[in-house]
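A lone chain, given as C-alpha cells: the form predicted alone.
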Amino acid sequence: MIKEELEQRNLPKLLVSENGTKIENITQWEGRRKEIKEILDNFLIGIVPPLKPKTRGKIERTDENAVAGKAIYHFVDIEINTTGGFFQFPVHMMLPKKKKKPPIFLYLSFEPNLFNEFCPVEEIIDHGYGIVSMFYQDIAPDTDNRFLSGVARLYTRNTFDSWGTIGMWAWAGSRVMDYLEKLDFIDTHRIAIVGHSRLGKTALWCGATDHRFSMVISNDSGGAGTALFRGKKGEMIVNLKHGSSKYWYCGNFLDYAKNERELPFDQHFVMALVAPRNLYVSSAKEDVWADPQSEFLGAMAANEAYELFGLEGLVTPDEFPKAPAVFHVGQIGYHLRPGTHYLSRYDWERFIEYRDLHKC
C-alpha cells in the first residue's frame, strides 16, 4: 500500500544523480548528497553568504538550584564575529544534576523564556536530559520587515537564491552547536535538535546540513518540512507567499507556487541528508494543514538513503498509521498522535523514549 502510494506521487529520484547514474553505495552517495544540497540551496532555503563565523559562548549568570534543586541553569550569550559584522543572542541552558554529562536537546523555541507551554522542562530534566533553548526571533524577526534587522543585515542579498529566515534560524542553531561541542560537562556526541511547525522545518534543515547533531526531530512541520509536496493537502507554496512566511525561503522556491510537481526536489531529499544519523518525524491526526499522511510518506521516501548504509529507516506495517501509532525500531522514528497542531508533553515523551532506546 505504501509503496504504491509513493509511486503514484511520482517523486524525483533520490538515488539517481543529475547525470543519470544510479547511486548504489556510500561513496556515490557522498557525491549525490552534495548535488542534493546544492539543489536545496538554490531552490528552497537559499545560499548562506560567506560569513565565516567565529563563535564563542559566555555564561552570564547561573542558578545552582533550579527546578526545585534538581538542575543547574545557565544564561549564556552566544557571540559571533562574521565577515559582515558582530552578532549575538542569548540561550538558556538547563542541566540535570543527577547526570554527569547529560545528552542535550537543542530546542528552537517560539518563546524567549525556557519555561513555556511547549516545553516540559522538569520532565526532560527528570529523564536525565539537558535542554538548551534558543528563541528564533532573536536571530531574525518573523515579520514583514524586508530583512532589515537581525542576522539578515550582515550581508547583501538578491531576490532569487539568497537565504530566507529559515536558513538564518538554522544557521544560528549551528552557531549554538559551535559552543556546545566545546563543553566538557555535557555529552557532545548526543545533541539532538528539535523544533515544531515552522521551527520543525528549521530544525530539519539545520540537522540535515550540520552532521554534528546526533538526532534531528521535526514536529508537525508540514509543507517544506517533512511533508511531501506532490499529492499534499493543506499548506502549499502558494500559502507561503503571504505575510512573514514569504521571507522564510529563497525567491526561486516561491516561483513554484501552484506548480509543485515541477520542483527539482521533494522533501524526502531534505530528510535523506540526515542519513545515517537518527531522524524523528512526528504528526498529529487533526493537523490537516500539515497533512500527516504526507509527513509519514516523506519519512518513508527517505528510507532509501538509510538502506545505502545497511540501516533500517522507518519500520512500519505496510499501511497508513492510525492514531495513536508509534514506530521506534529504525533509524527514522515516527509517531502519530490524536489531536491538533501542537508540541505536547506526549510528543516530548516519545522523543525521550526514542533517544533512550537508540542512545542517540
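Just so it is clear, the model here is predicted, and its values are computed rather than measured. One rule holds for the numbers: they count along the sequence shown, beginning at 1.
Keep in mind that the form predicted in complex with alpha-D-glucopyranuronic acid is missing from the display, and what follows is about it.
For this session: Consider Tyr107 of the chain shown here, and say whether it contacts alpha-D-glucopyranuronic acid in the predicted complex, taking contact as heavy atoms within 4.5 Å.
Result: Taking the distances in the predicted complex, the answer for Tyr107 is no, it never comes within 4.5 Å of alpha-D-glucopyranuronic acid.
Problem set entry | 4.5 Å heavy atom contact, Trp289 to alpha-D-glucopyranuronic acid in the predicted complex | Contact with alpha-D-glucopyranuronic acid, yes.
Exercise. Going by a heavy atom distance of 4.5 Å, is Trp205 a contact of alpha-D-glucopyranuronic acid in the predicted complex?
Worked result: It does not: once alpha-D-glucopyranuronic acid is placed as it appears in the predicted complex, Trp205 has no heavy atom within 4.5 Å of it.
Problem set entry | is_contact(Asp138, alpha-D-glucopyranuronic acid) in the predicted complex, heavy atom dist at most 4.5 Å | Answer no; every heavy atom of Asp138 is more than 4.5 Å from alpha-D-glucopyranuronic acid in the predicted complex.
Exercise. Taking alpha-D-glucopyranuronic acid in the predicted complex as the reference, which of Ala71, Leu240, Ile191, Ile131 has a non-hydrogen atom within 4.5 Å?
Worked result: If I apply the 4.5 Å criterion carefully, the residue I get is Leu240.
Exercise. Though alpha-D-glucopyranuronic acid is not shown, can you say which of Trp248, Phe213, Phe269, Tyr280 has a heavy atom within 4.5 Å of it in the predicted complex?
Worked result: None of the other options qualify; the answer is Trp248.
Exercise. In the predicted complex, do His127, Arg355 and Lys359 all put a heavy atom within 4.5 Å of alpha-D-glucopyranuronic acid?
Worked result: Negative, none of the three is within 4.5 Å.
Problem set entry | Contact segment among 195-203, 155-163, 177-185, 250-258, judged by heavy atoms lying within 4.5 Å of alpha-D-glucopyranuronic acid in the predicted complex | Only one stretch qualifies here: 195-203.
Exercise. Going by alpha-D-glucopyranuronic acid in the predicted complex, which residues of 338-360 come within 4.5 Å of it through any heavy atom?
Worked result: Contacting residue: only His341.
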